[in-house]
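Below you will find one chain, with nothing else, as structure tokens; this is the form predicted on its own, and questions on how it binds or moves follow later.
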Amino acid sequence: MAATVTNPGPKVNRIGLPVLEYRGSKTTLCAGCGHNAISERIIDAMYEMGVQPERVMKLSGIGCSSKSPAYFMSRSHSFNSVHGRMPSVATGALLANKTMLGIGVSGDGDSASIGIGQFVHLMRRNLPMIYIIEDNGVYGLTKGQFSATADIGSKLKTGVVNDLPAIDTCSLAIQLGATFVGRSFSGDKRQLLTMLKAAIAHKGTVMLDVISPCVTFNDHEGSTRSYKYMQDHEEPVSEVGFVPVFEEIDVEYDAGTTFDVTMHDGSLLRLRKLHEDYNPTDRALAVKTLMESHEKGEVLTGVFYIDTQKAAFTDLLNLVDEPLATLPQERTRPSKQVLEEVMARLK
């Protein structure tokens, strides 16, 4: 009698979905672009954390980076805004429905130049969302001019040398009020995946600056955003580990050398210190460390600052739990009597 061979189905996550359900369209970016690696890590993080795709809103501006949301989580909601205006669209959308998980994907040109004003106000409000800057130091869609994050002294393929100081979006975000700030490298799969999983568990503004080399315009000798430069100059501030609340917390680590942060959902962000006495809850120390590493020509990576106690913008506004569009008219429109009382007080 012939044996019956049963083909096992695809591996599924804790909500019963295979990783295929978290993928998007085929990328149209250049082969080897760091942005594609970031998209893959977002897919992995959302899958491993068991996030329902329909509960995610993807937001972006303009640029190569802002095309990326098309390449992951096709079942999620998506809005591609105009250049530099993603933060205001994200703010409106998340205030209208705070039950959604917002993930904004921007570029260094989109955020640090035309969108810097909106970036500043999003950071200071501590809006609960994940804000990723895919940072390659150039304008990839307009032939590779320097962006505002390009380091002074860096060189284009044409030989042009940048003589303007760079905007450090991580230092800026920390000083303004973001509550989870870090930097990673698109080529560091383990670190970036761990940071993204922790970002999903955080309630507040997560700002991740991810160095993402542009293979067409900024991956040459003289660039400080190239793969080779990152491999030679990357300096982790900490070794990042993350234990989701739905997994048993049983991790081996060296006593006295780790810093544990309890996330809002009970998960643990576990940082093993590589820099002596580094405390990721100290804002002043975080900014000082970033400035010192910049002076040394190092590209510091890891979680620089985290605050799980500060109230998110949606909590400060005392918003209802339900999406605003689902509320009946009697809960959103003042009665005639209330309006008359208001008018009487204004006389």
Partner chain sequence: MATTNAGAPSAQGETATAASPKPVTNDFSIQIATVNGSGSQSANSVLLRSIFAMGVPVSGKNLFPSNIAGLPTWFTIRASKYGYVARRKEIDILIAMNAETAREDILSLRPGAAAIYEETANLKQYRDDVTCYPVPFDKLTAAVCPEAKLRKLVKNMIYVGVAAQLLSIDMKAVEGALRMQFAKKQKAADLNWAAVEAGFNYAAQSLTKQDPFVLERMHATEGKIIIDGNAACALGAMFAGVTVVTWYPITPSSSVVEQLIDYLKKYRVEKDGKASFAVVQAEDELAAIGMVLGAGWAGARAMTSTSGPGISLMAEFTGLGYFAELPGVIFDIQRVGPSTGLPTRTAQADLLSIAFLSHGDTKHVMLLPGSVKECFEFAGAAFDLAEHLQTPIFVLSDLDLGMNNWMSDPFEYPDKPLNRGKILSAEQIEEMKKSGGWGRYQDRDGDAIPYRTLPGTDHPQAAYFTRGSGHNEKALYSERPEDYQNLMERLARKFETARTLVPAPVVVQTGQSKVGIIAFGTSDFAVTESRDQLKKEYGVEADYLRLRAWPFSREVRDFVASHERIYVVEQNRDAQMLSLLKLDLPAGETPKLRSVRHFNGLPIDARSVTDEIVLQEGI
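Take the two forms, superpose them, and find the largest set of C-alpha atoms that agree within 1.5 Å; that set is the rigid core. No experiment lies behind these values; they were computed from the predicted model shown. Positions refer to the first chain, counted from 1.
One more form of this protein should be noted, the form predicted in complex with the partner chain, which is absent from this view; the next part is about it.
Check each of Gly34, Pro69, Gly302, Gly63 and return the one that places a heavy atom within 4.5 angstroms of the partner chain in the model of the complex.
Looking at Gly34, Pro69, Gly302, Gly63 one by one, just Pro69 meets the 4.5 Å heavy-atom criterion.
Only one of Lys203, His77, Lys155, His275 comes within 4.5 Å of the partner chain in the model of the complex by heavy atoms, so just point that one out.
Contact with the partner chain in the model of the complex is made by His77 alone.
Using 4.5 Å between non-hydrogen atoms, is Arg14 touching the partner chain in the model of the complex?
Taking the distances in the model of the complex, the answer for Arg14 is no, it never comes within 4.5 Å of the partner chain.
Just to confirm, Val82 within 4.5 Å of the partner chain in the model of the complex by heavy atoms?
Result yes; Val82 sits at the interface with the partner chain in the model of the complex.
Should Gln118 be classed as touching the partner chain in the model of the complex when contacts are defined as heavy atoms within 4.5 Å?
Although the partner chain is absent here, Gln118 would touch it in the model of the complex, with heavy atoms inside 4.5 Å.
Does Gly9 make contact with the partner chain in the model of the complex, using a 4.5 Å heavy atom cut-off?
No, Gly9 sits far enough from the partner chain in the model of the complex that none of its heavy atoms falls within 4.5 Å.
Where does the partner chain sit in the model of the complex: which of 223 to 231, 263 to 271, 155 to 163, 85 to 93, heavy atoms within 4.5 Å?
Looking at the other structure, the answer is 85 to 93.
Heavy atom contacts to the partner chain in the model of the complex at 4.5 Å, residues of 310 to 341 in sequence order
Residues within 4.5 Å: Phe313, Leu317, Asn318, Leu319, Val320, Asp321, Leu324, Ala325, Thr326, Leu327, Gln329, Arg331, Thr332, Arg333, Pro334, Ser335, Lys336, Val338, Leu339, Glu341.
Cα displacement of Gln337 between the shown form and the other one reaching 2 Å, rigid core superposed:
Moves: yes, 2 Å or greater.
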